[in-house]
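First, one chain by itself: the form predicted on its own, in structure tokens.
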């Protein structure tokens, strides 16, 4: 049985108001009621999560809202305590969150390291969340050193994780040089994605055993309606992590429909 494809929308620090967040979520939900073979996750800012969960459980929409799982963009590794400004995985699970993005390049850019991310993954798993671990290189150097960087990210971030937990983890390959917010960015190709997906599977298999080689891998890096199909068909991935395009309901819906139309 093939793995389900998954489309994850990362809203980052958008939109500005709760009213806009509700409108965006509702617009997506109303247009995906027929989705059958694609998992959909939306990761809004923390303060919108509880309200959007209530909408997803409401009866005013078609079944679309109930097809959307909610994810967070980060989580702390403690459960409760003197950690000013932090939100724990336990708290997120309690309000209905089921996925969490960890190790995003923007978080790493703020100083987060592989050891921090490892603690967060373990905490998320204990709380019942499914971690979406982001890995990826800043540049593609001619000596292929980027492979070693991604290998270290995987090994350190996943250190001490039991084999039984790998079925709950998703690896998001996120080439930083292809992200829209990166200065002088370049377009990544499905071939770039395929190359790294194969490498990630090899690292997981070599380090953690063949049983974990089936871990889902998704691609994130300026995903759009124009390139979504190509990455899904030829990028060696099981889904997409969508940034800017997830803030436009029509574009995000179109990406979901592209995924849904592919043979699973």
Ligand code: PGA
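What you see is a predicted model, and the numbers here were worked out from it, not measured in a lab. Residue numbers count along the first chain shown, from 1.
A second form of this protein, the form predicted together with 2-phosphoglycolic acid, is not displayed here; the remarks below concern that form.
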Discussion item. Within 4.5 Å, heavy atoms only, one stretch in 70 to 78, 141 to 149, 99 to 107, 125 to 133 touches 2-phosphoglycolic acid in the model of the complex. Which?
Written reply: 99 to 107
Discussion item. In the model of the complex, does every one of 197, 232 and 238 come within 4.5 Å of 2-phosphoglycolic acid, counting any heavy atom?
Written reply: no
Worksheet item: Given that the partner is absent here, does residue 223 sit within 4.5 Å of 2-phosphoglycolic acid in the model of the complex, heavy atoms only?
Response: yes
Practice prompt. Could you confirm whether residue 180 comes within 4.5 Å of 2-phosphoglycolic acid in the model of the complex, counting heavy atoms only?
Written response: yes
Worksheet item: in the model of the complex, does residue 12 have a heavy atom within 4.5 Å of 2-phosphoglycolic acid?
Response: yes
Worksheet entry | in the model of the complex, residue 248 touching 2-phosphoglycolic acid (heavy atom, 4.5 Å) | no
Practice prompt. Could you list the residues in 232 to 258 that come within 4.5 Å of 2-phosphoglycolic acid in the model of the complex, counting only heavy atoms and keeping sequence order?
Written response: 241, 242, 243, 244
